[in-house]
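Only one chain comes next, encoded as structure tokens, the form predicted on its own.
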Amino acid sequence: MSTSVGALGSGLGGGVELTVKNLAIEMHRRGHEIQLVAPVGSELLDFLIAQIPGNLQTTAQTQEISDPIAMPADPVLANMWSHARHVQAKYDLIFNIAYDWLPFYLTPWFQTPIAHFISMGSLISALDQEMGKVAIDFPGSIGVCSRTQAATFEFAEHCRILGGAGLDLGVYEYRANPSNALAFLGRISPEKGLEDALAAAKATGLILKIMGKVQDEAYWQRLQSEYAGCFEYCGFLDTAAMQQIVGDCRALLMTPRWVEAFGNVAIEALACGVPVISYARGGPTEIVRDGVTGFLVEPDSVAGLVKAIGRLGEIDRSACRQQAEQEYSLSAWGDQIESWFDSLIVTGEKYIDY
């Protein structure tokens, strides 16, 4: 069950799209039969996708913590879960990656076990409350990316820590000799803090190569005006094109305003041998080895970013690639996910008796 904020391949789902892709690849490699359920227009290699019509959900990160739960008319989210209800008997397990209230609310009414993978930290109180109920009533069914993400929830002790994604490392080329540029990879939206990365690039005289889907057009227009000449916008790219550009950069800058659940872009950069300079906030604190594969900087400190950029000569790029190989291979992540799925399938009878 994919995200309901955009079609797979559109970029609107951010790192969730990479998670869905890599999980589908690895589970298929292990011999599992898979059907993806996603909004109309979704594309993912040669996988069978149930194309569900309807209006897209508003992204959770644009809402306030006290906002009520809302859905548009003819919601694609509800239509996706209606489809799942009708076909559930054909499958051993449903994997949900939609960060929204409805899948959690519907959990007790499904007979097939549901593995809920939460891709963001606490954002909306009403959603937190529903997720907490599922965490208690269906032990082991909540998976999260990182400990720092889990800590944003009151039900943290009921979460299974799984990591954000594994990578097919053969897709990412190690680059030992970069150009004199920096990289920013992610959705262009205020919570990603792109203006700080641009300010750091401007202060160091380096060009910032920006890759990602423009999600907030007004925000993007303002940044283009304020930082003209400091960046190159490369667009929203597929993995093959993206890794070529990222691999040619001296470092990846991560400047989140919010608690990143994990940071898939960080492990993609490491796979290319690229150090990561990130604010010490959220998931990147569990990825970056400070002083070895990058630097963790005081949150919201552009001066800290500039200082870290000046220390990039201390980083051995081969250590970055080695960390990706040791900790973030697709097979290692697949082991964690498959073990989680197996545990839920074994105890799935509680869904019938609930």
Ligand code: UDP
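This one's a predicted model, so the numbers in the text were calculated from it and none came from an experiment. For every residue, the number given is its place in the sequence shown, counted from 1.
Just so you know, the form predicted in complex with this ligand exists too; it's not on screen, but the next bit is about it.
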Practice problem: Identify whether this ligand in the predicted bound form is within 4.5 Å of every residue in the set Gly247, Gly273 and Arg321, based on non-hydrogen atoms. | Solution: no
Quiz item: Any chance Arg187 has a heavy atom within 4.5 Å of this ligand in the predicted bound form?
Solution: yes
Quiz prompt | is_contact(Phe236, this ligand) in the predicted bound form, heavy atom dist at most 4.5 Å | solution = yes
Quiz prompt | Exercise: His116 in contact with this ligand in the predicted bound form, heavy atom 4.5 Å | solution = no
Practice problem: Although this ligand is absent from this view, report whether Ser278 comes within 4.5 Å of it in the predicted bound form, heavy atoms only. | Solution: no
Self-check item: Proximity to this ligand in the predicted bound form (heavy atom, within 4.5 Å), stretch among 198-206, 129-137, 73-81, 228-236
Solution: 228-236
Quiz item: Within 4.5 Å of this ligand in the predicted bound form, heavy atoms considered, which of Gly193, Gly143, Gly166, Gly263?
Solution: Gly263
Quiz item: Between the options Ile94, Met242, Val214, Ile97, which residue brings a heavy atom to within 4.5 Å of this ligand in the predicted bound form?
Solution: Met242
Quiz item: Which residues within 14-38 place at least one heavy atom within 4.5 Å of this ligand in the predicted bound form?
Solution: Gly14, Gly15, Val16, Leu18
